[in-house]
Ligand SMILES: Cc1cc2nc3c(=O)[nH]c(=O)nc-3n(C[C@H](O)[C@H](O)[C@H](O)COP(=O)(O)OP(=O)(O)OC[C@H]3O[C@@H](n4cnc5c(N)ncnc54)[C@H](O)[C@@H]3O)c2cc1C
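Just one chain follows, in the form predicted alone, and it is written as structure tokens.
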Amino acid sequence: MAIRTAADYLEDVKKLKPKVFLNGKRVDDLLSHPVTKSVVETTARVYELTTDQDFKKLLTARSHLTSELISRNNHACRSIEDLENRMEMTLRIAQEIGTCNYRCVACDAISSLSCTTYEMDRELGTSYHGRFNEYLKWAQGEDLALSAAMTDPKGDRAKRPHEQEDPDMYLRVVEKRSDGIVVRGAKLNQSGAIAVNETIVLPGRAMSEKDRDYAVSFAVPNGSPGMTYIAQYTPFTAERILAEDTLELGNPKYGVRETSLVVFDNVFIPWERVFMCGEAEYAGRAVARFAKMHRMTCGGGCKAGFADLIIGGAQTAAEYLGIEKVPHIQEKIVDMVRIRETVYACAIAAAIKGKEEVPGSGFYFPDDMFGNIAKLNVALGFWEIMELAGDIAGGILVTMPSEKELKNPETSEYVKKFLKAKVPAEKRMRITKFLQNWTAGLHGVGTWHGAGSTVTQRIAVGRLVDLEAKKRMAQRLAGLLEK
């Protein structure tokens, strides 16, 4: 069963029994709760797209382990073409669902671990790569929905993991047994983890030898004993819970990116599912390789897709208001397009300039400079896109009454009269709500911090740029150097 259908995935979800809490209450059924249901339906849509003839070629690949046709979401990049398709897949899915592909992070983790376990086995004589390959063959063959967890709570940010007053501020190994390890700690900001089959865990940062207990990577089934999922709660969460008709919401079916705090309270992991355990010097390499992939996909892939949706919404709003031919409105649309195409171009360049990492491994990663520039530009540019869309739609973006007023006999006629434009009030309100979801919601901060906040990209760019070479070019032409 290398490619599953959405129906297959939904049958799996019915069997999942994760310990999920949302707004102080236990969620017993992921499919019936309005918030968790949006996560399930989002992932089901990704499965649906994979079997759609218009998407199948892009969303599938040949496994390097079995040669079987598999979901690209569970594929490790093995060529420049794979990198291009990985980025393009992210873009197309973002355009379709308008929220996070909850299988995306695991896809980038698979490439990172494939390469890093290969390197560890070659240099240390370990057996991690063979273990990971066996796990990946199984996950590919079953077409499992996977998430990945990296971000630790971190506690006192001025201290390293082993220096924390509470040692659980970074996920760690607390016991090694003959049959496996026991881990304790937590991972933050875990997108869609409640509704996947398995979660792949990576270390959250580079580690020193004193941090070796925190240099751990493994795979764990959803809802394993000791795991608790504490879901995010935002105004958009409350709105979805209270909504009588989801069409009144900005993204009716798929919602906003839903995350959770995942707690690991003495969770047992069998050795065959452990891919790093104490190899401190490789923790940073696994993180860096993941970041290379995710800054390309997050920076120029999904955010370019989101930008397409915002641009389309802003243009629709302008036409509904009758201002689409006003020069300064056209200028704003062009500026939004400029930002979108810039980050997309950087992501394409990152893929095309990619190369094999760890000679002989066969695993390819994007160009680090272009990937970081894509993410840095989109973090800055997304705020500008939201600002421009808000300017076009107007203040009503944050002051609009509920669509329920259209059905309220005491207010309906007033709302229809005073909120109409070139189109009826209902159409104007619907596109305004769509734009509110993007410009007055969670996406600005989410874009800023996804794949690392801008300071990490600035550090990377500063490390990667060859300023001495640029100085020599300038000095030679200025006559300051001999030919």
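In this text, residue numbers run from 1 along the sequence as written. Only a predicted model underlies this, so the values are computations on that prediction, with no experimental measurement involved.
One more form of this protein exists, namely the form predicted in complex with the ligand; it is left out here, but the text below deals with it.
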| query | finding |
| --- | --- |
| Stretch in contact, per heavy atom within 4.5 angstroms of the ligand in the predicted bound form, of 352 to 360, 123 to 131, 187 to 195, 325 to 333 | 187 to 195 |
| 148, 257 and 453 each touching the ligand in the predicted bound form (heavy atom, 4.5 Å) | yes |
| Contact residue in the predicted bound form, chosen from 449, 416, 422, 427 - any heavy atom within 4.5 Å of the ligand | 449 |
| Selected contact from 374, 105, 113, 77, since only one has a non-hydrogen atom within 4.5 angstroms of the ligand in the predicted bound form | 105 |
| Contact label in the predicted bound form: residue 154 to the ligand, heavy atom within 4.5 Å | yes |
